[in-house]
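Next up: a single chain in structure tokens, the form predicted on its own.
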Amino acid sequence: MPSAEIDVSPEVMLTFYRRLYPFKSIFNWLNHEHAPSRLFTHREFAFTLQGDVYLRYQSFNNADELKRQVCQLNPTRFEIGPVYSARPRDKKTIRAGALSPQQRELVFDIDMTDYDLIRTCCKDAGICKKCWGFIAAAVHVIDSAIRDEFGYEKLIWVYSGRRGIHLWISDREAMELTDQQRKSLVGWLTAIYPTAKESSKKLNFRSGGKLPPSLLNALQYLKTIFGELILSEQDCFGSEEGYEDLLQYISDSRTVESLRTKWENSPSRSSEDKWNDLLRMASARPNLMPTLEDIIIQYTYPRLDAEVSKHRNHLLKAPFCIHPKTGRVCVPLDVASIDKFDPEGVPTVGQLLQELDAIGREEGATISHSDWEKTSLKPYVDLLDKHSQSLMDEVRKEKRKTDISW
């Protein structure tokens, strides 16, 4: 990647905030209507400044105030927190204990590093189109579960700019969940995996021999992607280390020894061949079938950072911020095309500024507050605007109901 594309100097960031950052779109999304409400005015923003200075409990009356402060502080990024009982910026002047979180989007965070024990193509902060398959699978599972099991509809997924994805859920009922309710909901969706430090890698997804509803519901979909993602793309069992990991999840010693012998004698067997070997054994020994299902879950079910979701006062990076290591924009994504998404194809701040320069030379254009409309950022902002419009439509419906009842 050209160095110009990852230039996130203060000068570059300030130009980005002044000309490209969609402050109005962020306001509409958080506020749910055009006129400022408590959903925005009592909302906490936190800024990470140059030199890793962290500034919390900031709040604003409208999008213009937010933009002025962002351009003045020129943060490397900023985060969005809960809606408080009072304006966060008044924290020092109100009585102790008077500032408490009241509402907040239900949020989820999925990070690629949680798949490091499984993926074979990248490690640590690295991410490519191949290992994006894990994130795409997680999005499908969580999105379906949230909609089908909990009835929430106002979901938007945002690429983190480097190696993960965030989900923001803005349904009114979701906004008002208590910390305990959030913890219960996340617990319903979470699977507990064995860790690298554990000597025994026995899978324990079942209670009384049965999978919990969340895993059972996801399993049919996960079976359809297991072959391409785990066997083909990642070739997880191709190496000796890979197939030994697989064998650790099988409690039947006869099966383990038989497979190990076969694979040691035929080291060129692919992951697909090895999985088919296991399937043939399971067809003769039906008691192995639950183990195969557990293995599919182990390798493909979403790995959530549960702590992010449990507390209303948690802060999460705002959409359209710039990731300081990659220069990429944290952009909203469409679930319908999540499988085709390539993280390396996301616009960078350098690319966007080059696009503006080119347009300016061609048209003699003057600076606008919505210059993002002229760049490759536009489809992503349009996606957030469409989502925000659905939130505003919902508020209007509720207000009409109230008016009619009077």
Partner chain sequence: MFKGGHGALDEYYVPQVANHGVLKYPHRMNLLAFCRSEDLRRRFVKAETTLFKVRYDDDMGKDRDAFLDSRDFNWTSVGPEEQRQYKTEFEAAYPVSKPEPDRPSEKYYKVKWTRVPDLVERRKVFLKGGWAYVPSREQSSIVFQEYETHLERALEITARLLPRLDEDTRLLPILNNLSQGFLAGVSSEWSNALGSTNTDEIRAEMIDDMAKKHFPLCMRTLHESLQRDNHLKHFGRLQYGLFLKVVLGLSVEEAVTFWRKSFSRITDDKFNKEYKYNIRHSYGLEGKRANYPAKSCLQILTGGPSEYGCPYRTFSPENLQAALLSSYSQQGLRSADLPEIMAAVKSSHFHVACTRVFEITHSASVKKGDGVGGGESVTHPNQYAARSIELEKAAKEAMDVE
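Not measured: the values here are computed from a predicted model. Positions refer to the first chain, counted from 1.
Although not depicted, the form predicted in complex with the partner chain is the subject of the following passage.
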Proximity to the partner chain in the model of the complex, single hit among Cys122, Ile118, Leu185, Leu99 (heavy atom within 4.5 Å): Leu185
Contact with the partner chain in the model of the complex, heavy atom within 4.5 Å, among Ala86, Ala191, Leu219, Val107 goes to Ala191
Is it the case that Gly81, Asp111 and Ala138 all touch the partner chain in the model of the complex, with a non-hydrogen atom of each within 4.5 angstroms? no
Interface segment, criterion being heavy atoms within 4.5 Å of the partner chain in the model of the complex, picked from 127-135, 317-325, 176-184, 242-250: 176-184
4.5 Å heavy atom contact, Lys210 and the partner chain in the model of the complex: yes
Although the partner isn't part of this model, could you tell me whether Phe150 comes within 4.5 Å of the partner chain in the model of the complex, counting any heavy atom of the residue? yes
Does the partner chain come within 4.5 Å of any heavy atom of Gln103 in the model of the complex? no
Taking 4.5 angstroms as the cut-off for heavy atoms, does Val335 touch the partner chain in the model of the complex? no
